[in-house]
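Laid out below as structure tokens are two forms of one and the same protein chain, each shown alone and named structure 1 and structure 2.
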Structure 1
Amino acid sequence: MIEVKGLTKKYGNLIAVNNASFEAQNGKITVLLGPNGAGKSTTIKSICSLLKYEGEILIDGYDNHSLMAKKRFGYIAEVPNLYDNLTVGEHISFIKRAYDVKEDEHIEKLIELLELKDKINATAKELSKGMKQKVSMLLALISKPDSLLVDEPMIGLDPKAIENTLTLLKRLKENGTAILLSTHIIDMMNDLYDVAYIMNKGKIEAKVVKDELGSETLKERFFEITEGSENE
């Protein structure tokens, strides 16, 4: 579970995030939406403990800066962070050692689903953007994180890879993973999300529960709330 409580981040006189509170529960896909400049990127960096901030962020009840939290947390970034000269296989070995992962069957299933088997010996610099994104997903999931933060997971993926990614997210949800997903592709989330938080001008303006939305779509609610802002 990911819990954000009273998150505030200031850059000088600019308040990028203003007392934001929300949560991503286990076994649910929670979506964070917002127009450009809403504060999503700052929020994501804060959850990943990459920024100093005011407030509290917990991963499965542990402070997000703690080792216990990091063991339970996975992050799939919008821009994959890989070592250019390491092969895909070497990346996998590195993460396995870092998290003391002994099981190989789980990893083999991920490799198959993400269609990376023929890329194991390729270096990161040889991969396309879409392939790098797949590797980033694989590495984030090797440790079987209880809580997962995903930033724009569909960027650079072809239609088949997008379908596989959606399948993977559904499987993780069914296995009880807490998934927080930041995206601007709202239509693609209609059949996937359980709860959405709409962020605007640094604040959480609304919580949308899919089962309570009725005939209105998430996109319609999004534009109602962010009308007048520059939308993504």
Structure 2
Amino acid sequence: MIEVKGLTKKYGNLIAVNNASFEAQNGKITVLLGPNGAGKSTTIKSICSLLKYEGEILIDGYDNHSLMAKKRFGYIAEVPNLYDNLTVGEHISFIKRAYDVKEDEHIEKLIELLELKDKINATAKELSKGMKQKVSMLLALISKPDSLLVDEPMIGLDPKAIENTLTLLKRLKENGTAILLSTHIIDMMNDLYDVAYIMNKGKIEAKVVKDELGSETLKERFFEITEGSENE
């Protein structure tokens, strides 16, 4: 479970995230929804302890900077950030050892699901952007994280890969993983999300629970709140 309390992130005078509080529960897909520049990626990066911020962030009750927290979450970055000279197989070995993962079975299944079998010996710089995104996804899941943070997951993927990713996320949710993902592609989230937090200009403007939404769609609620605004 991910708990964010009073998160504020400033870049000089610019307030990228302003006192945001929310949570992502186990077995649920929580979506941070917002226009470009709303502060979604900054929020995700802060949770991963990749940025300095004000406020408190807990992963399964542990401070996100602690080792206990780091062992419990996986992160898929918006732009895949792999080591150019390492092959896919070497990336897998690296993360396995770094997280002290002993089992191989689930990794084999992930490789199959993400269709990476024939790319195992390819170096990262030989991969297309979509392939890199798949590898990034695979690496985040090697340690079987209890919480998964995904920043704009569908960018750069082909239709089949998007379908596989959606299947994967649903399967992880069924297994009890807390999934927090940021996106501005609303249509794709309709079937997927359980809870959505609508962000605009660095603030959490609304919480939308799918089961409580009634006849209104997520898209309608989103535009109602943001008025399709583009942030600076």
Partner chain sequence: MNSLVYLASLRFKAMIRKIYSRPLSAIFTTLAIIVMLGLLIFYSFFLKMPESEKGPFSAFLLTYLFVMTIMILAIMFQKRTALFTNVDANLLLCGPFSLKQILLYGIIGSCGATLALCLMNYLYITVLLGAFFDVSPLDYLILFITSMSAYFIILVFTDFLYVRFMDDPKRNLYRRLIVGTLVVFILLIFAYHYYINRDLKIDAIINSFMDSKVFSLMPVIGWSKFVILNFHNGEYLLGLLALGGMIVLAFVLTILTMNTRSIDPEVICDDARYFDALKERSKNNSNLYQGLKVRSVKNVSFKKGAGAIASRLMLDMRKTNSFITKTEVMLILLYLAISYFSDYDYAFYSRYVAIILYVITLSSNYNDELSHHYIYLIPDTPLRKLWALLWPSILKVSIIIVLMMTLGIVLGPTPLDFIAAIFELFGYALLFISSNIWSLRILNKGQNQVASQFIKMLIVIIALIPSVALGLVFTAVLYTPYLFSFISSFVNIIIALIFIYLSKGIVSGAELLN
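For clarity, a rigid core is taken as the largest C-alpha set superposing within 1.5 Å between two forms. The first residue in the sequence of structure 1 is number 1, and each one after it adds one. The structure displayed is predicted, hence computed values, not measured ones.
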| property | result |
| --- | --- |
| Identity of the form predicted in complex with the partner chain, given as 1 or 2 | 2 |
| Post core alignment: residue 214 C-alpha displaced by 2 Å or more between structures 1 and 2 | no |
| Per-residue Cα shift, residue 11, between structures 1 and 2 [Å; core superposed] | 2.6 |
